[in-house]
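There is one chain below, alone, in structure tokens, taken in the form predicted on its own.
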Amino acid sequence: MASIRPFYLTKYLRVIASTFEMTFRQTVKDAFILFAVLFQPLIIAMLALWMLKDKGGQYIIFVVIGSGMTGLWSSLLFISGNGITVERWMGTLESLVAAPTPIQVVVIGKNLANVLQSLGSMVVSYILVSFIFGYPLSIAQPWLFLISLIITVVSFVCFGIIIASLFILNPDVQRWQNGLEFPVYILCGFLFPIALLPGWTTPLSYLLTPYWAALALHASAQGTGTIANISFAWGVMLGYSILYLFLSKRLFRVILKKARVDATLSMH
């Protein structure tokens, strides 16, 4: 058994790498995706900079990180969430679930490509602020910021698996996509602290992985958080990631049952 596990791990990593490459090649030319992960965050950043033009430069890095987070969430909701649905529309979902490689591995490769591509939102916002508006930008705690960014990618990839599986199990849930975009921007404190919201919304924010990601990235970029506070956010994100992987295993069992027993995955 000890010799089998490394073999499967290597095989799964190859599948993730090939899926990542294929997905990235497909999405990098998609106009909708380019708008969601590049132009929409750019518009949000410009509006926020215009509103904060008299507030001083201390808010600028907050805007850069926050607008980039909007791109990450939009990518997760629309692109990663639709990852399996697109396979369903193309008639290839049944082939995926029948393949020897677990479909979760394929979805991880898809989500990783989408999340990493959406990180371009932060790069574009940084260039806009630094070179066009002339604001000097710096990351107060670069190593903590880098670790926060890596854990954010991991947590978003795992969260995307849950969203994708829910969309395929109940297509009616997908109708809520557009309605979920901006409320999460607000509840997760992408562009302003959640302390400005009514108190009853705070528990909702704590239940959302993007909130803890935004908290860690904002705190490390601005230098306003202690190592203990940022580490706590890391722990919550990793804890949620483990929970998502556990739940996704059960959800994909239901998907496999629908494909192999009930034959209800097809669009027809």
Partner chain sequence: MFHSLLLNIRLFFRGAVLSYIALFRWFTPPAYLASKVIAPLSYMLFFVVLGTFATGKESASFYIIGNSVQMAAMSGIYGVTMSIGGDRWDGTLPYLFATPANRLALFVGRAAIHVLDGILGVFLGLFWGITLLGLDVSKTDPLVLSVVILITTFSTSGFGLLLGALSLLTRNIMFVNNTVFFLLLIFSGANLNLSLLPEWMQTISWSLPLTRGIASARKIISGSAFIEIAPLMGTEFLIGVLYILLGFLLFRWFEFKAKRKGTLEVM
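Residue numbers count along the first chain shown, from 1. This is a predicted model, so every value here is computed, not measured.
There is another form of this protein, the form predicted in complex with the partner chain, and it is not shown here; the text below is about that form.
- The candidate site formed by L13, L144 and V154 is entirely out of contact with the partner chain in the predicted bound form, as no residue has a non-hydrogen atom within 4.5 angstroms of it.
- Within this chain, L196 lines the site of the partner chain in the predicted bound form, having a heavy atom no more than 4.5 Å away.
- At the 4.5 Å threshold, heavy atoms of Y59 reach the partner chain in the predicted bound form.
- When the partner chain is considered in the predicted bound form, F232 lies well away from it, no heavy atom lying within 4.5 Å.
- Looking at Y206, you'd find every heavy atom of it more than 4.5 angstroms from the partner chain in the predicted bound form.
- Exactly one of the stretches 116-124, 99-107, 168-176, 146-154 approaches the partner chain in the predicted bound form with heavy atoms within 4.5 Å, and it is 168-176.
- Interface residues of 178-196, taken as those with a heavy atom within 4.5 Å of the partner chain in the predicted bound form (partner not displayed): N178, G179, F182, P183, Y185, I186, L191, F192, P193, L196, in sequence order.
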